[in-house]
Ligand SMILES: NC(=O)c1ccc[n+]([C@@H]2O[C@H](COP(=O)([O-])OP(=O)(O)OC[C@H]3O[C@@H](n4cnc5c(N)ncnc54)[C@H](OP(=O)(O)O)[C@@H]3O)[C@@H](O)[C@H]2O)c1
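Listed next as C-alpha cells is one chain, alone, in the form predicted alone.
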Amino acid sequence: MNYSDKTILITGASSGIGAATAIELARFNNRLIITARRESLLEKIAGEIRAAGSEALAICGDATLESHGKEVVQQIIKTYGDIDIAILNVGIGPPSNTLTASPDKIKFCLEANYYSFVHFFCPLIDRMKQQSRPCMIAHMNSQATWFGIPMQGDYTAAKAAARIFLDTARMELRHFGYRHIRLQTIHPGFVDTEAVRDDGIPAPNEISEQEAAGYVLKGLKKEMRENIFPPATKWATKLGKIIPHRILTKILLSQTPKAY
C-alpha cells in the first residue's frame, strides 16, 4: 500500500517504534494523527512531523479507556473524512513472574496490550466498512506471541489474543465481502526503546527504533499479512515454533535470570 498523501493514525506515538514510524512517514506528505498519554512528548513528535513536511494532529489520551478510541476516530472523521492507515502501537511488557504476579498486574498488562487494541479496532473497522478505497489496520504485536516466555507470561498471552483476533477478523472480512480492508500483524523482535531499556530481559539481535520503523514501512508497502523482523530473530522464532517443546524450554531458561 502506498503511504504517501494518506490519512494515518498511529497510537502510542510519543516514543519508541510509534514515534520513529510517525517521523519516518512524515517525509511523505501525510496527514498524521498521533495519540498517546504523555502530552509534552506527543507535542514534540507533532512538531517534528510538521518540520518534515506533513500535517500533524496530536490527541492526548489513555488507550485503555474505550471512550478514547471512539473519540479519536470521531475526530479523524470530522477533520479528514476517510482513514487510510491505522497503526495500533500501544503496548507494554515489563518483567513479570506468573508465580508471584497479582491479578491486578496481569489484568493491567491485558488492558495495555489487548484492550487498548480493541478500543481502536472496533470504531476503525466500523468506519472502514463504509469506505471504498483500500485501507489498512496494522497491529504492533511481537515475536513473543507464539509461545510462552519466562518473564513475559502476561505480555505474551495478551499479544497472542490480539493475533488470533485478527486472524479471525481477516476471514470474516473476506466472508462478508470487505475486500478493500487489509489487516496486518507486525511482529518486531527486540527493539531498543525507552520502555524496555534496562528492564533485565535478554534482548538478542536488538535493533534501533529507526531500523524498526524502516521495517514497518516496508511491511505497509508490501501489504504483508504478517511483518516479522529483523531476519535473525524471525528465523529463530520460526525454528522455535517447530522444535520439541523440551528443547525450546531449555533454550529459553538458559537465557533467564535466576531470580526475577
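These figures come from a predicted structure and were not determined experimentally. So that there is no doubt, residue numbering starts at 1 and follows the sequence shown.
There is another form of this protein, the form predicted together with this ligand, and it is not shown here; the text below is about that form.
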The chain here is shown without this ligand. Which stretch in 217-225, 25-33, 50-58, 63-71 comes within 4.5 angstroms of it in the predicted bound form, by heavy atom distance? 63-71
Is Leu9 part of the interface with this ligand in the predicted bound form - any heavy atom within 4.5 Å? no
Would you please decide whether Phe190 lies within 4.5 angstroms of this ligand in the predicted bound form, comparing each non-hydrogen atom pair? yes
At 4.5 Å between heavy atoms, is Ile85 in contact with this ligand in the predicted bound form? no
Is there any non-hydrogen atom of Tyr155 lying within 4.5 Å of this ligand in the predicted bound form? yes
Please state whether all three residues Ser15, Asn113 and Met140 have a non-hydrogen atom within 4.5 angstroms of this ligand in the predicted bound form. yes
Heavy atom within 4.5 Å of this ligand in the predicted bound form: which of Met136, Ile76, Ala162, Val90? Val90
